[in-house]
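To begin, one chain is listed below as structure tokens, in the form predicted alone.
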């Protein structure tokens, strides 16, 4: 006897989902996380395609006759001291800020995750040495550490990415170590040891894949922190130099006119705030979606 449509709909609600399907289902129900994801999708689309549809002349072309005009229908965000359209400079600057954020976090990942995994897996003296060095790095404020690295290496986009990445390493070491400590004595790890697998094989193919949830969440939150740190360094004159329209550099350029032309700092600052908020909303949503204790 065939089931009617209502019974089929009821069965669909209780159909077993895969692990990824369950995470996506819970993430989709989080309105804040989905709002953040939509904002980031728009930003990524703009950053990846901006060279295809935006004329460079609109970004760096100067027109002194139009300098320091307030927001209008012709210039949505107004113009800067060189007559350049601030809206297009903020739009183009998204590629700089997002690239810096992701590359900096990638640098932190490739250094911090292996160190945290080794510390958590071996424990004892190895853990003590790694974590004490991590404590030393953590004792120095991240922005101060980034300033020191940029001052030593010199001012450039690559050095800015490295500086911000180095300052974020301790956070990944601690997060990875804590995650590894929870799984290093699981049965599948003991089984791999019994089969004679090497420690590196066990760490990277058995332990770390089961520690991805907190690392992924940490990554999304660190991208937001990296964007803020990069903007702060640019604001201090240690980041990307003009005329590149990085958001922090735009803030630096506008601070001399902040009393009379506050829009020069308001709109770049708003872009930074919205981007960081989107990453934080998505990170919080991922944390809730990946937490098995929240599964109903």
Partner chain sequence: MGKYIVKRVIMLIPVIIGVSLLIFIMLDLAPGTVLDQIANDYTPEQLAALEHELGYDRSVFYRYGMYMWDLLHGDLGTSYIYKAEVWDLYMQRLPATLLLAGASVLVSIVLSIPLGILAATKHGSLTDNASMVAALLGLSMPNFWLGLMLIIVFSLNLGWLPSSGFKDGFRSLILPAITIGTGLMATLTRTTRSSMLDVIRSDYLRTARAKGVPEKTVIRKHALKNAMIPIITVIGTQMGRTLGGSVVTENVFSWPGVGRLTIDAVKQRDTIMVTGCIIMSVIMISLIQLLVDITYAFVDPRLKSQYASGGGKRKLARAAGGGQT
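In this text the structure is predicted, and so the values were computed from the model without any measurement. Positions refer to the first chain, counted from 1.
The same protein also has a form predicted in complex with its partner chain, omitted here; what follows describes it.
Proximity to its partner chain in the model of the complex (heavy atom, within 4.5 Å), stretch among 203-211, 146-154, 179-187, 90-98: In the other structure, the partner sits against 146-154.
Please pick, from 236, 54, 27, 39, the one residue with any non-hydrogen atom lying within 4.5 angstroms of its partner chain in the model of the complex. That would be 236.
Taking its partner chain in the model of the complex as the reference, which of 106, 76, 137, 122 has a non-hydrogen atom within 4.5 Å? Only one listed residue qualifies here, and that residue is 137.
Residue 273 within 4.5 Å of its partner chain in the model of the complex, heavy atoms: Flag for residue 273 set to yes.
Its partner chain contact in the model of the complex: residue 23, any heavy atom under 4.5 Å: No, residue 23 is distant from the partner.
Even though the partner isn't displayed, in the model of the complex is residue 262 close enough to its partner chain, meaning a heavy atom within 4.5 Å? Looking in the model of the complex, residue contacts with its partner chain include residue 262, since a heavy atom lies within 4.5 Å.
Given that the partner is absent here, does residue 228 sit within 4.5 Å of its partner chain in the model of the complex, heavy atoms only? Residue 228: contacts its partner chain in the model of the complex.
Relative to its partner chain in the model of the complex, which residues of 243-270 have a heavy atom no more than 4.5 Å away? 251, 255, 258, 259, 262, 265, 266, 269, 270 sit within 4.5 Å of the partner.
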